[in-house]
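Just the one chain here, the form predicted alone, laid out as structure tokens.
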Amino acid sequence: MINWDEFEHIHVIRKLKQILSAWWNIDVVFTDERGHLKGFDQEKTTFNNPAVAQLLLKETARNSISEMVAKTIEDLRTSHNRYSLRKWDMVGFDVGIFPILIENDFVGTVVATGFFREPNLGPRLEEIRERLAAFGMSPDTIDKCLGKLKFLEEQDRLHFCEVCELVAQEIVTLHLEITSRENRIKELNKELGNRFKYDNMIGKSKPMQSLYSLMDKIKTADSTVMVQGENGTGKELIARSIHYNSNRKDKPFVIQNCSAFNDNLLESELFGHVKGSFTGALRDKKGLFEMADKGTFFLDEIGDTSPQMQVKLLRVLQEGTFMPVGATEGKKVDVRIIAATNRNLKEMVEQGTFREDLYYRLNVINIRVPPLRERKEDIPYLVDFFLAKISETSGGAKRVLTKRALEKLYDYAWPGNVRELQNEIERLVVLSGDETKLMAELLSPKVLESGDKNKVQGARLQGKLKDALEDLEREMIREGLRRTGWNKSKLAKELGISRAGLIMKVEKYGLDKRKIAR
């Protein structure tokens, strides 16, 4: 089912409509397969030609468009034509009707209007003037309309039709992307044994299922675990889950962020100190290692420790012993270490900033936490979880996201990962007040703008038309190759061209995978 209301928000379609308006003063509307206008909001939709804007408010004109579209679709079913250019008899100027085809089914059309195909404009202009006057339009509006109408020579008509077909194809591409996402989520839901939740971790995507499987395997082990992932991915959640599913679950779970203190304070926190060992040491203090005895110690941001501290941590890992600050005798503990970092420790080892022996001691079991951008199928589940949590905490009805808001969340790269998504949802709920539907317009500017940045940016409104169309074609192919994983057969079908034709264009624009994947 096509969501017609989304089109005005799609960057590529907006740019293509701007090209049609800037070059030929042409306006575009969308219809379903029966010719009924779709995605048309008289308050929000802007038109280049004032007469077109007024005509579309008239039921007679809308019915006329419906009849033209219905007849055109019937004609196209029985002919080899890709589209139809014809006179709009009711008003006198011409229209182009371009079908939207999904799996060879007509699901709608792109209707472009406000131009002439014939050079002899004199009689036509008078005819249009009379017909628009019959619709009750003022002489001023009629004059403005006539001033906008252009005769399109054969070359211009060719380019105009190419742009309109691109609009239709972009609608198909959007529909296929959304359908693909929905199908992926449905398939994931059908997979027996796949969990939506593992403790407080949320996700059904393949990366998360792999993570759950690995965590199941290490439940009963006492091996040291290294958790690697970007900030905001939930490394502490994983550490907690490992502990509370292990044989040590009834013993302490202790956390320390290694970047929170300088070396002296961190040493005192980790290993404790004896009375009088330094100024302010008024009594003996147990260190966190001692407090974690028989349990699990989660060392977060382990990559931020100094070489001197790394030596002391290595001793605990190797021998299970440590020396409190100022003490003369060591202490022995039985602690399982889970370390975490967002840094590349292997590179740090190569650079000499992290001890190789400590790295291998920590890296017995390595868990990589996938960033949110690699598991975007989980976004609906995470959003639902956060909204339910907010509703439970603050009371009131549970909110829901509009489809467009969810699409914007999909488009954003989430550098702050799950934590950033949670903050975005909390912000959205606050700004929405008592509204139960959370609208896309209330999302952060960075999230709203990212969708446009991630779409094709090649459309320009100045310079030679041929260059503008080539820029657009290049960017559409570049984006399509990335989206389909360089599946040229699939992309060629989406673009409505042969695979050989696509390969020629890839070579023409230098879009080899090795070049654009950098």
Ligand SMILES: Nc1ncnc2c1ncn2[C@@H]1O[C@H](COP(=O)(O)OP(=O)(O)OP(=O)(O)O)[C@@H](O)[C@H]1O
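When you see a residue number, it is the position in the sequence shown, counting from 1. None of the values given here were measured: they were computed from a predicted structure.
In what follows, reference is made to the form predicted in complex with the ligand, a form of this protein that is not presented.
Student: Looking at 323-331, 225-233, 91-99, 134-142, which lies within 4.5 angstroms of the ligand in the predicted complex, counting heavy atoms?
Tutor: The contacting stretch here is 225-233.
Student: Would residue 169 count as touching the ligand in the predicted complex under a 4.5 Å heavy atom rule?
Tutor: Contact with the ligand, no.
Student: Whether residue 200 contacts the ligand in the predicted complex should be assessed with a 4.5 Å heavy atom distance threshold; does it?
Tutor: Result yes; residue 200 sits at the interface with the ligand in the predicted complex.
Student: Does the 4.5 Å heavy atom contact test between residue 237 and the ligand in the predicted complex come out positive?
Tutor: Residue 237 belongs to the contact set for the ligand.
Student: Do residue 270 and the ligand share at least one heavy atom pair within 4.5 Å in the predicted complex?
Tutor: No - in the predicted complex, heavy atoms of residue 270 and the ligand never come within 4.5 Å of each other.
Student: Could you check which residue among 301, 290, 411, 377 gets a heavy atom within 4.5 Å of the ligand in the predicted complex?
Tutor: Result of the distance check: 301.
Student: Work out which of 338, 208, 335, 164 lies within 4.5 Å of the ligand in the predicted complex, going by heavy atoms.
Tutor: None of the other options qualify; the answer is 208.
Student: Of 325-350, which residues get within 4.5 Å of the ligand in the predicted complex if you count heavy atoms?
Tutor: Stretch hits: a single one, 342.
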